[in-house]
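There is one chain below, alone, in structure tokens, taken in the form predicted on its own.
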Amino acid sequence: MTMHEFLHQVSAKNADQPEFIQAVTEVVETIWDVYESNPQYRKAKILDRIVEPERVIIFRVPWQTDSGEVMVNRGYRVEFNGAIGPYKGGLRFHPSVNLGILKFLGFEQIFKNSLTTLPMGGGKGGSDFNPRGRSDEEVMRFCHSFMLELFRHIGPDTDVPAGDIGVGKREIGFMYGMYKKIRNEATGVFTGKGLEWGGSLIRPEATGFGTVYFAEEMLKTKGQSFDGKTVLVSGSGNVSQYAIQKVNQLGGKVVTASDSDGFIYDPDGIKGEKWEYLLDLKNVKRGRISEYADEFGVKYFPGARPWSIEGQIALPCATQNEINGEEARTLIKNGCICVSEGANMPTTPEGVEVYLDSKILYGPGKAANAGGVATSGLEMTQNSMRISWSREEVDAKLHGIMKAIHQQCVTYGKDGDFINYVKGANVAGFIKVANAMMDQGIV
């Protein structure tokens, strides 16, 4: 079977799941030569098996609003591949959630988790429930109902969920509380927990910090750093907030942030009291990014994304497919030399092709944003050992992991003076999982 025949087969089976097909295509195109050169992989049908989830759970989630209205949402958990450890991946609560989105995220998680060097398989889950605008009591009722089914399928040595879009400390707390009540045990079944009940220091910051650490390593290959550079960030949630903080610490200036309604441009930089205001706006008041523009008198661009602004570094930290081919070309035209993805697959295939053709520094999400799940793995370790590491210890381990991920990408992606981080990340992640699957037989 040729690569095109294989991809056609995947597309035919999953015709209603464009994001999943996109993710599979990107991986298969970069690892096909490795697959073809290892006849034992072909004989064991490693690729055919790796693109099929080991298990998909779909269930209804009934709950009541504050006014007593009965609502019904759909819940999911995709346990994609457990060859190197328990399934690990976040839960996303957002109206856009469907099976195809979660399969794409779970598939990406296989290779991302493999790159961390920690023993974690790939999974993802969530619901089309939207917590935006809901009271704490409504969110609690939904989370408790969601867990009344999910508890059967997860556990510290089976499947360990975390947060994602729409799922933060509040939601994890409600779900973990119900899990403990049902199972009558306190275990490390969730990551992203509160510090008082098993969480890890640095976990909220980890994805944003890790994205910046990865960009820092890429810049070093060109003898450059963040110091004095203008940085574009999308999003304004957890990942974006701490990416901004770390850029500030490294001497860069972040001039944009966004949400689903639009973006703000602050030429003086989002730092100091402005950064603290952003945290309060999004984490406490749960307001809109336009309120930042009103507060500090900066420009707000409704219904737009920040990729038209001039800057040397771009950190897309919002959601999938937020940079298309035209926007990628605009970034490069405006002087962008480095893109490090804090979100999952935020660049379309056409945009990725633009990066690679231009030979800029480009860190794909499965490598650049792996700091979040890496620190979740560190939280799992602390839970298992019943200990807590200091902030400095966790940050040092995170930094070390991001450097190790970068080195794996260089090892498998270096082509002369150019490093193809897409190929490097995919090949490194694939080989580890494929070899584990070979060792465990046809299961």
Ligand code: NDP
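What you see is a predicted model; the values in this text were computed from it and never measured. Counting begins at 1, following the sequence as shown.
As for the form predicted together with the named molecule, it is not shown, yet the points below apply to it.
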item: Interface segment, criterion being heavy atoms within 4.5 Å of the named molecule in the predicted bound form, picked from 244-252, 145-153, 310-318, 180-188; value: 310-318
item: Contact residue in the predicted bound form, chosen from Arg134, Lys169, Arg288, Lys222 - any heavy atom within 4.5 Å of the named molecule; value: Arg288
item: Partner-contacting position among Ser127, Asn344, Ser200, Asn81 - heavy atom within 4.5 Å of the named molecule in the predicted bound form; value: Asn344
item: 4.5 Å heavy atom contact, Lys271 and the named molecule in the predicted bound form; value: no
item: 4.5 Å heavy atom contact, Ser340 and the named molecule in the predicted bound form; value: no
item: 4.5 Å heavy atom contact, Lys193 and the named molecule in the predicted bound form; value: no
item: Partner proximity in the predicted bound form: Leu281 to the named molecule, non-hydrogen atom cutoff 4.5 Å; value: no
item: Sequence-ordered residues of 210-237 touching the named molecule in the predicted bound form, heavy atom within 4.5 Å; value: Gly235, Ser236, Gly237
